[in-house]
Ligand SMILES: Cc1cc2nc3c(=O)[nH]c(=O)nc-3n(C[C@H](O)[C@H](O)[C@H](O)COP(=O)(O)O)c2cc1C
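Taking the form predicted on its own, here's one chain by itself in structure tokens.
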Amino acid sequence: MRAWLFLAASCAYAAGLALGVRVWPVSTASFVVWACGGMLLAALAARSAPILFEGGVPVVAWLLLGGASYPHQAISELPLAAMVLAVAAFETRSRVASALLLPLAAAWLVAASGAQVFDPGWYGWATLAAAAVQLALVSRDGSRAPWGPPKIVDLVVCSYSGNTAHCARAFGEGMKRAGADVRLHRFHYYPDFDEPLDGDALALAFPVVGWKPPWTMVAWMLWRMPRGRGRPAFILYTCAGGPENTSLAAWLLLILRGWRPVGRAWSIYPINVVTFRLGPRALWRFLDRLFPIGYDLRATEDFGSRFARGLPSGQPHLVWALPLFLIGFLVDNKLVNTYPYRNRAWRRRCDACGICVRYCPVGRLTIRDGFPRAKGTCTLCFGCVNLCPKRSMQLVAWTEYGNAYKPRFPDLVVKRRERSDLSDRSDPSDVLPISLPNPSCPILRP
């Protein structure tokens, strides 16, 4: 009943927005009021704080189109209306509401524009296409038949600072509560990762790097990931801000490998990129304690439970006309990361403790002449910088001026195995501690 009330409220909101676009002159102040109302309504309907972050993207799109001076306000405010309707329809878990989503959006566009024929420009067309893709994905997810409850779920976790591992643990506990056996696979670097993933379903957890999964995971998904053969997959990720179109990038990669993406969710965690952590250290210690939000963790656990029961769960796909994840592929890949992102240890600070060498997910660092040296590619996890007790390790022209991120969950920070140790699965210091100290066997049992 609650979800249907929010759907009714969302339809009323969309109708009011269409009337406002059609009848009254649009100003920056009026749009901000409508945008704040839409973000709040969507967040309340989804019971999810991250939706507030994604809800800011329609404001960016509106500004990119020219703001109040753009002549086709029906197009520029369509992302806002589409977001509110998509979230509300998704939360009903109803095939009827999902089937009506595209017609409702089309009716809104006609009502707001007065059914006029116009040319909105190339970015206007991109905005229209992004809204159509978003609505189609949400409608498709809500209209498809449920999958059978999986008995065994492969949980692949890529986590550098421990934040994603913390989120994945909540999701895994939800799957455990629903009666699924969960096999944990700790992902660091694709040449070292060769798990069969022969369970009934897949849950993929990763941090957002460049508005997409880390390039090491992208490489694995493109070339080494086992074929899904239609098995369901859930996308789970963490980010400090709005991860625009991250789920779309992961969705496309899973589709290419034959998996059936059935849900996605993300949670807000502290930012671990040293460069952007400017200001007093006390301020960042305070901000780091704010996240994750307890309510979001409980929601993540519920998402895991519903996924393991074969039911629709998570947050709806929100697609925006921003090509940021494409930019991410250009600036975060093996070729680029090998040369511009150079590690350097300040010798007057470094005591050659070797923490950075043991941690590096891609084995880039070695001790030479008593100090760590970098050779090969970087995964931009910033672990060598954040974990250095002397603050001696830096990425040249990248991390010198920010505050290091001390992991919020230090027990979940896992060092990388050396290749020669990959067959040894008994080291309790190298596991994700959910239940059993073994990263390749079923760790969560009912």
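Heads up: residue numbers just count along the shown sequence, starting at 1. Owing to the predicted nature of the structure, the values given are computational and were not obtained by experimental measurement.
Form predicted together with the ligand: not shown, discussed below.
In summary, among the residues Val209, Ile75, Ala249, Ala130, the only one with a non-hydrogen atom within 4.5 Å of the ligand in the predicted bound form is Val209. Interface residue among Ala240, Leu311, Ala178, Leu100, judged by heavy atoms within 4.5 Å of the ligand in the predicted bound form: Ala240. At the 4.5 Å threshold, heavy atoms of Tyr160 reach the ligand in the predicted bound form.
In the predicted bound form, the ligand stays beyond 4.5 Å of every heavy atom belonging to Leu297. Of the heavy atoms in Leu380, some are within 4.5 Å of the ligand in the predicted bound form. When contacts are judged by a 4.5 Å heavy atom cut-off, Val273 counts as touching the ligand in the predicted bound form. Shown alone, this chain has one stretch from 279-287, 147-155, 231-239, 100-108 that lies within 4.5 Å of the ligand in the predicted bound form by heavy atoms: 231-239.
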